[in-house]
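Next comes just one chain, in structure tokens: the form predicted on its own.
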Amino acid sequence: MGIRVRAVDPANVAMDDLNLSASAFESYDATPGVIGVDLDRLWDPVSLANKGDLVQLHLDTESRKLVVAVAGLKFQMACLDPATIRSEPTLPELELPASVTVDRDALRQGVKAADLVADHVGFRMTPDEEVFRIDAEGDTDSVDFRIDADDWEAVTLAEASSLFSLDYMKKIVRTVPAGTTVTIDFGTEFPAMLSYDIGDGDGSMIRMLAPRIET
């Protein structure tokens, strides 16, 4: 029992797959079902909550509206008919050869360095080097940020090299909670899968980002 949220951006470049078990909530009472929600509209009332505030979600089955209660506010929003939403995205089963588990801060530092010179970021791994590289190359400048055995928690060394949109990658990394360890699975010109736990292990997130094909 729990809540599962899947969302894909309109350009089909990025996808999120969020799982929250029932134990992640102060209280949980629900029957199986699917509802469609405008995430931008849902964020409006939720953003009013302060740290430590409880947010209550309740589906009014008669009006088919989602009721969001937070900090004395009750907000009712119309749900979307799942039939009117494009088919539910499925997380592809990919055999990605390279994997590295790093602290979110190290990943964020590499992405910020790439942002100094380009609008794309590369993830690279060469088994002989025993290093995970985050790099970027602009018109005149380049950066090469390296993470080795001293800074990763786990690794599967393999030949892998992919390029990604920096705008998307920055948004993904920015929303990873501080202090979180992130596992990055990737290959050569394949999507990257960034996965991590949330809610003291009561939830998990998988973020998939499609590659830019290098020419």
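Note that residue numbering begins at 1 and tracks the sequence as displayed. All of these numbers come straight from a predicted model, not from anything done at the bench.
The same protein has a further form, the form predicted in complex with another copy of the chain, not shown here; the description that follows concerns it.
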Going by heavy atom distances of 4.5 angstroms or less, which of Asp81, Asp119, Glu130, Asp144 would be at the interface with another copy of the chain in the predicted bound form?
Asp144
So in the predicted bound form, are Gln76, Gln109 and Thr140 all sitting within 4.5 Å of another copy of the chain, heavy atoms only?
yes
Hey, in the predicted bound form, is Ile35 touching another copy of the chain, heavy atoms inside 4.5 Å?
no
I'd like to check something about Pro45: if you look in the predicted bound form, is any of its heavy atoms closer than or equal to 4.5 Å to a heavy atom of another copy of the chain?
yes
Flag Val102 as yes or no: does it have a non-hydrogen atom within 4.5 angstroms of any non-hydrogen atom of another copy of the chain in the predicted bound form?
no
Would you please decide whether Arg41 lies within 4.5 angstroms of another copy of the chain in the predicted bound form, comparing each non-hydrogen atom pair?
yes
